[in-house]
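Okay, here we've got a single chain as structure tokens, the form predicted on its own, with questions on binding and movement later.
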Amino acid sequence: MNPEIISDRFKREFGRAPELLVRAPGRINVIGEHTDYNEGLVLPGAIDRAIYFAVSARDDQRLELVAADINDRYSGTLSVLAPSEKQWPDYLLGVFSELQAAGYTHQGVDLVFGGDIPSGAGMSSSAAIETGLLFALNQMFALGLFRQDLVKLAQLAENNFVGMQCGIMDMFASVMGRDERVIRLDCRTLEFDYFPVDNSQYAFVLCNSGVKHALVNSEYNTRRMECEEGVALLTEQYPAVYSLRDVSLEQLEAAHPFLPDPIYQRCWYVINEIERVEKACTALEHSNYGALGELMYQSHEGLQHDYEVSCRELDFLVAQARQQPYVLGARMMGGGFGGCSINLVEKEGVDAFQQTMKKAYQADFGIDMQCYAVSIGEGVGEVD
């Protein structure tokens, strides 16, 4: 869906034109997986797929929210904000709830939203919903929020109201994204820098395995606990260590005899992955996309063998990508055990790459795989 469709739907629903049209993009993460909760570095970027919002203020406290993609409606009020049985309204209601908790007041709204971010593909449609609504409310009611305020409130909405204990990366990329720039974000300090990406020569192509194994939530929590256990053991040797961000490979090797094998492997992966983010930024500064691609392959090998969060489908996709012309790098993206692989592909080979990958995946798994070629674009903003 595009903004014109969303605006037209608003007119049909509410009998007038919207006051404001907003675009909030999804995101990809080029490299830096499972480093966020270890206070490490990540390298996300906003993309050219987005959620669009058509919004107008009301003269009362009512909320009339329409999800155009699924043709559903929620009616409520700002005075009673509770999780909905429908679930999708919670990403919006959480925003209203966090604004109230922070002391901001405003009128109710009429709202229609929808977009072209595929659900479940790991492009963070939920973060786009939260940041897009926050941007719209900030503009319409002159709340005086800065962009980094939007990021933090969106994370709180998902943590506190939706109940998903996600990090801040997704919201940060959706709000702070720039055209042809990825963001090196320090998840400890929230300091950030931009690095160039050539959209004219290269595309990131996501191959959606169509698989979501039941392991993902339990194993994600297990990995977090394993990292915490590693930090606790390493702190006995190095009292200045507060997270894996503080540990060098030399220190890890010296402490190897004191670490059980699974814990050592998890720490090894995280410390190397943080270093790979730095190397990826250097590669981008020098337009060395071959080096960037090799770092992506290394990242997948670490996720597969050391962090052990991949699966047969994702390993198949990365192995297939290695064999294709025009492909410089590939890895799994996201929490693991399903979801998408992310592939760095020369622009001229994108169509051929997608066709070949779809055919191979169909032959091996019997699944009609979806592929999405994306470019790095701007963060949340108004639509003219």
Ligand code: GLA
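Remember, predicted model here, so these are calculated numbers, not experimental data. Throughout, rigid core stands for the largest set of C-alpha atoms superposing within 1.5 Å between the two forms. Residue positions are given as counts along the sequence shown, with the first one as 1.
Below, we turn to the form predicted together with ligand GLA, even though it does not appear here.
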(message) How about Ile168 - does it come within 4.5 Å of ligand GLA in the model of the complex, if we only consider non-hydrogen atoms?
(response) yes
(request) Please check if Gly40 has a heavy atom lying within 4.5 Å of any heavy atom of ligand GLA in the model of the complex. (result) no
(message) If we define contact as a non-hydrogen atom of the residue within 4.5 angstroms of the partner, is Tyr220 a contact of ligand GLA in the model of the complex?
(response) yes
(message) Although the partner isn't part of this model, could you tell me whether Asp69 comes within 4.5 Å of ligand GLA in the model of the complex, counting any heavy atom of the residue?
(response) no
(request) Would you mind picking the one in Gly45, Gly339, Gly329, Gly32 that has a heavy atom within 4.5 Å of ligand GLA in the model of the complex? (result) Gly32
(request) From the candidate stretches 330 to 338, 50 to 58, 348 to 356, 311 to 319, select the single one in contact with ligand GLA in the model of the complex, where contact means a heavy atom within 4.5 Å. (result) 330 to 338
(request) Pull the contact list for 8 to 29: residues with a heavy atom within 4.5 Å of ligand GLA in the model of the complex, in sequence order. (result) Arg27
(request) Could you check whether the CA atom of Phe135 moves 2 Å or more between this form and the one not shown, using the rigid core for the fit? (result) no
(message) Given a superposition on the rigid core, I'd like a yes or no on whether Tyr307 shifts its C-alpha by 2 Å or more between this form and the one not shown.
(response) yes
